[in-house]
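Before any questions on binding or motion, here is one chain by itself as structure tokens, the form predicted on its own.
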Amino acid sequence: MLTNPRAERVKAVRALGRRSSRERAGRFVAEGPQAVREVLAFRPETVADLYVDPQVSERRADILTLAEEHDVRVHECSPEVIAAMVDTGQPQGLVAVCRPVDVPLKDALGASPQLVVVLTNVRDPGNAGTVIRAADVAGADAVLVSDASVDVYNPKVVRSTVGSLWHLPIVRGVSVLELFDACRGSGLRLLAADGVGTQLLPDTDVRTPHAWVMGNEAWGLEPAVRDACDEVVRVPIYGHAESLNLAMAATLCLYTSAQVMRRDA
């Protein structure tokens, strides 16, 4: 059992909270039962090591069974070691060190995609993770994350996806122009979601293949990016709220598309 919170192995896991360390090691951290269960169920080959508090493992036998089935290395750790590995205030006793799961752009868009979301300049980890989760709920074909957006392997992003990171293709580190060219090459219309849009979401044609383009939390889409899209769509607000946050707007747009496309299928 690992009991020393200052051990080099523990420090190496903790360092994966920093982007530079993740890129150097080619690893990232998934923490908590939901995230660990989903990566073991959907992408077990990407799990390099699993660290477990024995007190938690007694309650999460299903997770350990998955790890055993896929020959994942399991290390028992004291609660102090688990706490030293992660940046959460209340560690949940399970930490998986994982290999990246993002895919090349051509692979993500290679099978006639119908519904995609593009994050052009999203900086908040919670928003990025929630959009990935919403895309999963809506049955989207892929999430394309530009090089100007937050790293999808940021621990807060991973937690916010609640396991959806391993459910659908994720592209990262590509310029917005490249993403747009690839989307158009795959037959996708580009729908900019922005508060300045004159086209309302309920009036927008979402029956044909398209990509929702989402911008920054504070200033929305840059004018050049917005102008490069085929339509600029606004979610109507019927009450007194000034606006919706990014994740809420993306969820509404994606779910509207999913409902219409499945109804007309």
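Just so it is clear, the structure is predicted and the values come from calculations on it, not from any experiment. For every residue, the number given is its place in the sequence shown, counted from 1.
The next section is about a form of this same protein that is not shown, the form predicted together with a further copy of the same chain.
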{"property": "Heavy atom within 4.5 Å of a further copy of the same chain in the predicted complex - residue from 204, 46, 57, 34", "result": "34"}
{"property": "Position in contact with a further copy of the same chain when the complex is considered in the predicted complex, options 167, 156, 172, 189, heavy atoms within 4.5 Å", "result": "167"}
{"property": "Proximity to a further copy of the same chain in the predicted complex (heavy atom, within 4.5 Å), stretch among 147-155, 85-93, 132-140, 178-186", "result": "132-140"}
{"property": "Residue 236: touches a further copy of the same chain in the predicted complex, heavy atom cutoff 4.5 angstroms", "result": "yes"}
{"property": "Non-hydrogen atom contact residue 2 with a further copy of the same chain in the predicted complex at 4.5 angstroms", "result": "no"}
{"property": "Contact of residue 10 with a further copy of the same chain in the predicted complex (heavy atom, 4.5 Å)", "result": "no"}
{"property": "Partner contact for residue 25 in the predicted complex: a further copy of the same chain, 4.5 angstroms, heavy atom", "result": "no"}
{"property": "In the predicted complex, residues of 236-263 near a further copy of the same chain [heavy atom within 4.5 Å]", "result": "236, 237, 238, 239, 240, 241, 242, 243, 244, 245, 248, 251, 252, 255, 258, 259, 262"}
